[in-house]
Structure formats: C-alpha cells, structure tokens
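Presented below, as structure tokens, is a lone chain in the form predicted on its own.
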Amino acid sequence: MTIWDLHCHPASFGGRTPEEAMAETIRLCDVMGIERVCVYLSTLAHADPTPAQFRQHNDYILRCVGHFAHRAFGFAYVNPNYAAESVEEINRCVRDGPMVGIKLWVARRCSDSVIDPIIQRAAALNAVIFQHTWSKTNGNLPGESTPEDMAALAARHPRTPIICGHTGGNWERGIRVIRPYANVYADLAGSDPTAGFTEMAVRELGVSRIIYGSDTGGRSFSSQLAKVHGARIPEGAKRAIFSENLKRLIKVKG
C-alpha cells in the first residue's frame, strides 16, 4: 500500500545537520515502506516560541525539505500568542515557500479566538492545519488543547478542514468529542498501539476522516503502522487511511 505519514519529527533521529537527520528519517521510511512524510519542529523544545524561535524551527524544516522534496512535506510551526507574526511566517513558508501546512502545539488553547487569523490565513492558502490535542489524567499544560477545544475551533470554522492531533491521546473520548464536526480529521499518531482505536474511529467518524501518522521519533514507525495494518477493517479503508485522505488535503507544489 502507498503510505504517507502525517506526523514526523526528523530532529529526533539526531544528526549533525537537518540534512543528516532527514536522511536517517528517509532511510527508516524505506525500511518500513513509507513513501512520503510530513515533518515539523526542530531539536529545540519551545512550547511557547517567540517569532524568532519559531522561524528557527521552520528554517530547520526548510533545510530538511529542501534536500528531500520528493519525499517530505514541511509544515510551518506558528504560535497564536503572536498571531500577526505567525501570519507573516505562514506567508514566508507556505505562500512564498515549499511548505504545505501549519503545526500548532501547546502555546495557546485552540478554543481561544486569538487563533482565528492564523486559521483564516492557512485556509486561504489551502494549507493543512494540524493542531496538537491531548487529554491528560493529571492535567494538561496551561496552553495545551483538548478535543473539546478542537470542537470549539471547528464550530467557528465549519468549512475549514482541521486535523485533531493524536485524537486527544485518550482516543475513546476524543473520537466522540469530534464526531459531530465533519471538518475535523482524526490523527492516529502518538498514543499506544492499543487494539480497537482504528476500528472505533472508522465506525464513529467514517473512514474518510481518519489519517495515519506515527509521531516518530517519539514513537516507532512499526507500532503506529500496526494500528492500521492490524485493524479489522476492509483493505480499501486501510488504503484511505494510509494515504488517500491525506492526499486530498495536501496541495502538492511544483
């Protein structure tokens, strides 16, 4: 099957340069049969990055994509706490550059309307919008979004496709929360490879709203691929999840 991985962090594989880290990512993709990967973030752990810091992250990814454009798609990391500067960065990386999506992490909960200029600009450029979400038993980080925050964002932008990163970690809860919002896609990446995740997502959301991702190198390719390969769903559904759904969202450049 053709496999496109929504959710990869090449910096996790080390290397002295972005090019070396990306080369190792592609080597492992070849071993696992993955054709293309979406990449974001560098080695720097900035949860609430300044504009200078998120530009630094994106410069790292631009170097990754620059040498592996035939295998990798770049997403621009931006911060709703700097909405105007984030819009400028989207223009630099997506409108004027090779990137095809944006990555939002834990700086500000996505239910806050301060994020709206970022969502609107990304949507205008047909950029994929990826929002990290998690539901933690011991409490989320101050700006970390939950699936409930995602639901509030989706309700404000009902015509804009948005990906619910990790499906909230607690996927049984996350699937049910996003179910009413047809513009929200479930990202399979990141949680433990528990049996039943993919089957429940197909049953509750429909196969067209589910996208395979790994969150490698935080997780292994193999454990995350197993969520789909081992799911008790038709082969056609696996093909949709592994690549076809993501292909509809990504606007390939060049």
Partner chain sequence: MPVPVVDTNVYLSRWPFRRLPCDDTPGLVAKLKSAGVQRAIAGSFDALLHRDIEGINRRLAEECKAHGAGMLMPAGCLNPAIPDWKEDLRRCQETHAMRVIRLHPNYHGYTLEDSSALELLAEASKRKLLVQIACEMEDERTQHPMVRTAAVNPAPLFALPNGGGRVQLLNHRGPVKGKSVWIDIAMTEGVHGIQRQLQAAGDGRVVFGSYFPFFYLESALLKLTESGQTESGIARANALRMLEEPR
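Residue numbers count along the first chain shown, from 1. Quick caveat: nothing in here was measured; it's all calculated off a predicted structure.
There is another form of this protein, the form predicted together with the partner chain, and it is not shown here; the text below is about that form.
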Handout entry: Stretch in contact in the predicted complex with the partner chain, which is absent here, among 215-223, 37-45, 51-59, 64-72 (heavy atoms within 4.5 Å)
Key = 215-223
Handout entry: Contact of E172 with the partner chain in the predicted complex (heavy atom, 4.5 Å)
Key = yes
Problem - 4.5 angstroms heavy atom contact with the partner chain in the predicted complex for W105 - result: no
Exercise for the section: Mark G206 yes when one of its heavy atoms lies within 4.5 Å of a heavy atom of the partner chain in the predicted complex, and no otherwise. Expected result: no
Problem - Contact label in the predicted complex: P234 to the partner chain, heavy atom within 4.5 Å - result: no
